[in-house]
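One chain comes next, on its own, written as structure tokens: the form predicted on its own.
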């Protein structure tokens, strides 16, 4: 294995469209479980770090939610796709280095190759979760359609052909996130206790 502190007891791989609330939901899980039990892994982190390094850009701005990231998003996607074609597990391996907590929460899987890597490396531990939100709610959160981004594999690659273990509906009229997350938190607590 790749410089890992230990094998995970559970890997929760989250996906969803931009502005669906993936980070909000995954941060909620980490806050509930505690950072000694659960870590949030963002595949976009090592991608943005490597992209910023190779292109002389401000990493902090790329990691933020603002317009700086948006002006580079389309090119960053193309650059990331090229890297993935050369090595589908490149970013997955980078993000899991040195992780020691028993529960890993991957907040931003965007492609089938991301899921396949975790299924291949951790077949017993990996569960997939989709966060869904209507376009109207996403617009209220600041989303607007961007050609070359919202119609690219990085946004649409997991829209079909994947059987998710859970689907979280992140809408005001849906059951509370607390209620929807109960089975996931229960599984995470049990997995952490067994390690």
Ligand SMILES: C[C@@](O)(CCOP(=O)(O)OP(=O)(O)O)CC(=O)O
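This structure is a prediction, so every number in the text was calculated from the model and none was measured. Residue numbers count along the first chain shown, from 1.
What comes next is about the form predicted in complex with the ligand, which does not appear here.
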- Task: Give a yes or no for residue 127: in the predicted bound form, does one of its heavy atoms lie within 4.5 Å of a heavy atom belonging to the ligand?
- Result: no
- Message: Is residue 30 near the ligand? Define near as a heavy atom within 4.5 Å, in the predicted bound form.
- Response: no
- Message: I'd like to know if residue 47 sits close to the ligand in the predicted bound form, meaning any non-hydrogen atom pair within 4.5 angstroms.
- Response: yes
- Query: Do residue 93 and the ligand come within 4.5 Å of each other in the predicted bound form, heavy atoms counted?
  - Reply: no
- Message: Suppose contact means any heavy atom within 4.5 Å; which members of 109-123 contact the ligand in the predicted bound form?
- Response: 110, 111
